[in-house]
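The chain that follows stands alone, in the form predicted on its own, written as structure tokens.
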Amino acid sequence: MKLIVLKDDILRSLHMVQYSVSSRSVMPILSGVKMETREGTLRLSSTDLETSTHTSCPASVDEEGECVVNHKILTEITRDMTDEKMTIQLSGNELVVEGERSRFKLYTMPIDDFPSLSEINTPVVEELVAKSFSHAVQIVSKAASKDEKRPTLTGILMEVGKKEIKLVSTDSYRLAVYIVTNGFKVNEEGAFILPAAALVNLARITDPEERIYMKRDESGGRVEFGSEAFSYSVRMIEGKFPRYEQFIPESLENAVEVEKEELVRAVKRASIVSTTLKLEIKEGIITVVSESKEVGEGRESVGAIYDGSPITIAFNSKFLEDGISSVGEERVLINVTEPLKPGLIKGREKGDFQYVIMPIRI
């Protein structure tokens, strides 16, 4: 293998595959990036067995070949080189990386040890606007659980219907639902539980302006997202996702309307004193109250539209802030009925986002 490649091109590709590189010492090969030349391109691949990423960059190829080298070391060398072009040559079990004034030799790993995964060919979604999907993932992932003992809740449920794609997550204390209603073509309906962390990484490597596809394998164990620039496969989470619909309040009879940014700022300031916040809601106003025996007390009042009976309800400050800030509108509706029943947060106009939050007993 011998080729010349632009530094910026290969560095961009190395950054794209980084999220599927493993740092686990049990299998050193998973810390590597597979490099192979194909018809005037350099193809890079990585996998941690849960996810896999493939991408390529243009290159001037003199000799074809393939190898696996440590991803982190190659990335650091490439990033710090001052040359615009790099010459990369495989010699035995050494990969030589050269610029005009620098030369590095990296020992390669056994190419046969690099895992090969089955192809994923069954189309599910096409022409999905990456910007819309990535935004939905970033919003919904906030409510996914971090508890590995409950693997299903660490995932995001992706329900693909003919006219909408619904993303759902919950950690038992809150529930987030985001609906994408346009900018895609559905080939096959279905429900998939995908690791939230993996989808967040997908959002990071995706160009917001591109359109991506989604495929599944025949066994139903993996899905693949991709475009002309990359492919990213994810192992699905086995199990049943909770029947979340029953937790979403149907009525908005007791909803209070408030300006989003003003309330977010009030919640942030009040949470300095305590992570438990009380909302005192009455006609025309919401008062955010925080109390701590060690710190003191804070009160923030925000004007609101409300004509129901006065009510006081408490929430976790971080969960509350996440829900309010995720609404993609200037005005937010918060529906509460009783101090110990879940609250519902959503936008005033759109129905694309709903956030259910469990109260704290005070």
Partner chain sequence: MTQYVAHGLLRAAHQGRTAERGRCVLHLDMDAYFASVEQRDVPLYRGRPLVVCHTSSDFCRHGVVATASYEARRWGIKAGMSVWEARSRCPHACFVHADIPKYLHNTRLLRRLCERLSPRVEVFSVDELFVDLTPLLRRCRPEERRWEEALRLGRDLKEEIRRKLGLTASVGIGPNKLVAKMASEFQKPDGLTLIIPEQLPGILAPLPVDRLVGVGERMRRHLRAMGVETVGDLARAPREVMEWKFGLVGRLLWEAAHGRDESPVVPGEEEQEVKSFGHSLSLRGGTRDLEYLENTLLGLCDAVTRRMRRQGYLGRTVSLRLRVGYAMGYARSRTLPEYADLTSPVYAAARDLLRREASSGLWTEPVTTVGVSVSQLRRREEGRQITIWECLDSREERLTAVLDALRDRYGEGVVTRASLLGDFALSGMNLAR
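Numbering follows the first chain given and starts at 1. All values reported here derive from a predicted model rather than from experimental measurement.
The same protein also has a form predicted together with its partner chain, omitted here; what follows describes it.
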Candidate from A198, M214, L153, L167 lying within 4.5 Å of its partner chain in the model of the complex - any heavy atom: L153
Of L279, A270, L175, V258, the one that lies within 4.5 Å of its partner chain in the model of the complex (heavy atoms): L175
Heavy atom of M358 within 4.5 Å of its partner chain in the model of the complex: yes
Partner proximity in the model of the complex: P115 to its partner chain, non-hydrogen atom cutoff 4.5 Å: no
In the model of the complex, F319 touching its partner chain (heavy atom, 4.5 Å): yes
Contact flag, N121 vs its partner chain in the model of the complex, heavy atom cut 4.5 Å: no
Among 78-86, 101-109, 205-213, 239-247, the region lying within 4.5 Å of its partner chain in the model of the complex by heavy atom distance: 239-247
